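Below, in structure tokens: the form predicted on its own, a single chain.
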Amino acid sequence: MSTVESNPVESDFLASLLAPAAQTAEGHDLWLKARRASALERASALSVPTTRDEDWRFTDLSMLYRLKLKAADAGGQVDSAILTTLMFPEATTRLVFVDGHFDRSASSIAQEEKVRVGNLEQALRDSAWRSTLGEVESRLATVARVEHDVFAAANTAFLREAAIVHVAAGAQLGDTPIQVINVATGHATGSNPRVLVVAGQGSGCTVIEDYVAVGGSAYFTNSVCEIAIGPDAEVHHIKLQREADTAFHIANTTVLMQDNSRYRNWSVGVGGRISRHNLHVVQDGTGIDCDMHGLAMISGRQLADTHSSVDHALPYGASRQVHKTIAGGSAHAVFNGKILVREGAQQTNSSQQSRNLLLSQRAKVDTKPQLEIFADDVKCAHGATVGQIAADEVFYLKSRGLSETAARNLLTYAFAKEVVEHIPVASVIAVLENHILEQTRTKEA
């Protein structure tokens, strides 16, 4: 990220974003205070990204920088009936955060043997967390790097509350996911949600990281998710971005993988005026395997930007990525995917596909899959396609009795469904399929 001098609007935004973080919270452990202070110092030294920065050249955040945001007050309430509609029944354990603050009364924590789930404040004070607090301390604000990312640094500077999921060695949660619900009330607020998942050796879990809105005013969500996967462990991670169309959503996800671990990711974004997801996977071990499935479904004047990177640092690693976008109206989709195979990372097998569907003449996509390979015994491939619905496919369905509108909607639905149909939570699939159908349904001419 550039450290060049910002213009007054950008500087004022950064100053207002960081001002509340300078107020040191009493009672926090020294290690947490030190990490917050270091992050605040780093964020203050950076500038916010603009289209002058190569990684942001297609994503103009000037509208965000002009907002007059305020810090969200703790204790915000959301109607329980609304919250019920946001919950997935398979998840008996749920952590609810409203504008970045933990809502204990709305949360439901079913304690499992060898599993600890809760808010950071609880982890620091509850004696039941004593045996796992060391791992929380070693991973929190260390997996995600803040040196060159002002938004990740700002999130860490505000680190008071966070969703903590710790799965001890050998623990298997099976078909019981854990849901972290981040609710925005949409009152011109800025919030900094944080999630930490630690999976011990040989363990397995599914985590649903969900962002939703109950208000319509412009607001800013700046989230960070850190996932540390131990040897022979497996994590299924479902990230849902269902923000309001007036929202600005910037998310950083960093995954650190050890020997023979497995990571399965589904990232689906349908909301936000401007959204950006930075997904970084570091394969810091041998025999690692990861799958990443992405879907951005946007319309109107929405902009959805996904930047991903997979770092194959050691031999015998595998990764597969399929990212799809559906853009209608005047929407703009951006995808930049990087696969790095370091010297010595022999026998790496990696593939990446970017597939993009444009539903109108005004919609556009900028896509850039890329490979950087410094080993000679590897199997790597990448590709990208951009286009509209094929006329012959529409003709085929029309010949079977469908109207042109119905045919186009069915083909769009099938394009999107391919990404979500293998999500390991049935109710999540149902919600997303309903949303896809609503988005693709158009009126008959």
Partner chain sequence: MIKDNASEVLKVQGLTATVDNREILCGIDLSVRAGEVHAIMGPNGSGKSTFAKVLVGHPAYEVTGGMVRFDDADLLELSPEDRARRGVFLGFQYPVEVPGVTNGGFLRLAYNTVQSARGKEELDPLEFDDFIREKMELLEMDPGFLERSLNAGFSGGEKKRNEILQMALLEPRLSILDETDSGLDIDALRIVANGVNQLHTSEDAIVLVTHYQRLLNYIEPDYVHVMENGRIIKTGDKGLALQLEDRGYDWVAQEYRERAA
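Numbering follows the first chain given and starts at 1. These numbers were taken from a predicted model, which means no experiment stands behind them.
The protein also exists as the form predicted together with its partner chain; that form is not presented, and the subsequent description refers to it.
- Judged by heavy atoms within 4.5 Å of its partner chain in the predicted bound form, the contact stretch among the candidates 373-381, 54-62, 29-37, 401-409 is 401-409.
- With the partner omitted from this view, the residue of 386, 397, 67, 45 that lies near its partner chain in the predicted bound form is 397 [heavy atom within 4.5 Å].
- Within this chain, residue 41 is remote from the site of its partner chain in the predicted bound form, having no heavy atom within 4.5 Å.
- Shown without its partner, the chain has no residue in segment 111-127 with a non-hydrogen atom within 4.5 angstroms of its partner chain in the predicted bound form.
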